[in-house]
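Subsequent text provides structure tokens for two forms of one protein chain, presented individually as structure 1 and structure 2.
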Structure 1
């Protein structure tokens, strides 16, 4: 306030937080949708991403939009946030048709978006990030900004240090600031795109409290997810996209009156159709995913040992620092952690794609610290990369050649320096059938396959020819739930029936809890703890993901 006159920021904040007539439970008569899409379509070359989609998002409601990868969720949200323009159809804001041709226009219309990955400038403080672009004069109204931030924080029940650099905030805290940043611009509609994908269990709990508070303040919250239990926990309205179309939508009159099991059956049926019955045990579908007691009387036979392994950090990385790990035959050892804490560096140093600056790696008792990729492979070590397009496959080569790519020069596929196409084709056909790779033929160019089928090609190649240890780096990232189930079953079956040890590196904690016998946690390139998987262990793992016993 300046000379008793409210500043622009304070006026905007007051308008937003008071929002008379749009709060949940308001009784000032019928309220129309905050945002509505009518018959919206959007196509890209070869793909219809949205096909005549009609949905309404209301003030004072959390509207969960579910669907598998490729269902059209992201395209729809990009249309609302001004990243894409629809090919046809209409977007309505407060009952008025609008054109959203840029992110700035979306913000002007009161639509804010919080993406999966933080967009804060690391070297700026919290307040500086919030006040970027604020005002037209030379000097920023810092005092007004501090007062506005205090009001937002109190309304949402948050503790915020305005002078803390963004780089020092935990991911959960950064996401909270992203939400305040969207509200700072006057948003009455808030889009949250897969907001829990990088959070610890504690961070998810805090986010759920904030979302409930936003709903009570009268905002329309659009919550994008592929996890059914999140929709059941938070949603007032739940809508399902499949193949770019709305295949199911239930408002509060249904969501709040049906039992949880009845809603789960409705949602799963709409998402997966005839294949719904086979997906009841997928982690993303189960209600209240927790750790599992997976001790299986494993032999005390180490097959992979890391002793004080250290890797130099390249630009933008944290490196690996004196990591000790032991993996036993037939064991699935999960490596949990927030993305960017040394997972890629750890995977690549084991695979032989990076050099160590200290320590030793032993495979079946033999040091492989100086062994190349080929030697490690011949000893039974396999690596399933998280980059199936850029690193895992060669798009210009055929499916058949990609399946034997790491056996170039070896019999029976090569003899006397010549390629044996018949042998390659026979082996490729067997792998295509065994791993259910959907391809017109083994001669098809690999780059034309879908992401899920590319992942199956990588898995088929790496899990064939007598593997002893497999390093999986985000093996199901970006896959639909049916393919996810198939991949997880393959990892589990190889470990339990064939004794193939698995080092499972994943940023999806539910996947780690679903598969692992033990869980190691990586934080800033160091192991902060190793625990047995068991019911209720997720909270302890969440604390370790933050570097120790401290909250998100």
Structure 2
């Protein structure tokens, strides 16, 4: 906050002071903000995650909180939900100062949270997940639970099978269950920490409807996102965190009167300070996305070929059926589709993490059908998983070790069976810098990084050390705007200058349109069509994604 201090910080504070009187009229709810934090600070070893944060969240309002990865958004929410204790500062609920020392307390105070990382228990049914912790008596009140679920489903316009195991639901549905769970015991405040990062456009649309409805019912909704247009569509109030501090906050009086582009400029300026200039015309904030022309003159040399590849469907999956794909040198082939149509199966079978029931996979002309994960790695095949916590990183190891995790035992990091700390440290420092990973140091335990920074660790590891073919599964989910663009540039750059072919699996159509040369569409485990990317192609792709017409 040296030269980038925005001038609107004054308006923000005065806004906070007079907020009580101004907003109370909006709903018949109680006077004053539903929740307010005053001068809240929280430090972790090596970082100040929240630095004297003051914000107020009002009834009947959607308050969007934005900020780059590691800005301290989740930390603030964790303080409100009783997961973290603030080092200093005060939390007020409906005008009274409270101590939220446990999630139980937060729930009692009417604060419901959908955390950034899923809290559904995969082996539990939907109903069991919802009833967890809410029972008062000895017996599980299944009938009562079913009735409550029915009520929620009706008012929110959702359809759920109460007895399906949570693991069998699509991500969008899981997200909806998480929301119902957060509302289950009559919350008056709903915290949503990046609920949309894994959702498809349809899922997001449904979510937005639900959120507007809740707002109209008088709830205070705190909505964290990296997507500007969501903030602009939904937010009554928009606040920006940067380096743990509030660097901008605009109430409805500003948000509703300024034009979209003015708001965009304000937000981007506050979020990234001086580095924001280049982001003015970013695709993410453009209205009406369309394809860009396929690059010409690509070499016609296939590097990855899938021939009638089939994968058995595990519980709750669709599997992959007789998929034919050819990826040429330097090409970016997008794989579009609604989540849960075989994306993960396809990625894993290419990476060697799953066995095929039929077909063949060739890398540079040679079959790798029988090669293991390690062998494929050393042949230059890389896989950026979409499960950054489960399989992408080892939370208890240092950031440095995580960055060389797939090079264990190899020169120069290991020599003669001995680990060479300096070599690892050197490489790790370079990667941390190159990928802008926000971490106190390379020795920091990886599990303590923020969600987006974990994703950067995975990307940094997979994209270094001479990749030939990279399979990306949702490479930019949870990344902030600037990093998303940087990662896209890197993917493009690798393809153009180093000839690294990319199979870009994503549920974000905009991303696929932005990067791909060709677009394949996956539906129920089959490729329903492959089209060249070109302006105006999105309608056709959209139809294919819903299982529309076959072929070109």
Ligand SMILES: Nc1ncnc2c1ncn2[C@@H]1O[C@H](COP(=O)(O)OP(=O)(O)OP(=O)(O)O)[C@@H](O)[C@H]1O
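Fair warning: this is a prediction, and the values are worked out from it, not measured in the lab. Residue numbers count along the first chain shown, from 1. In this text, rigid core is short for the largest set of C-alphas that superpose within 1.5 Å between two forms.
Only structure 1 of the pair represents the form predicted on its own. In a rigid-core overlay of the protein, residue 508 has its C-alpha displaced by under 2 Å between structure 1 and structure 2.
Shown in the overlay between structure 1 and structure 2, fitted on the rigid core, is a CA shift at residue 146 of 2 Å or greater.
Residue 122 is among the residues whose C-alpha shifts by 2 Å or more between structure 1 and structure 2 once the rigid core is aligned.
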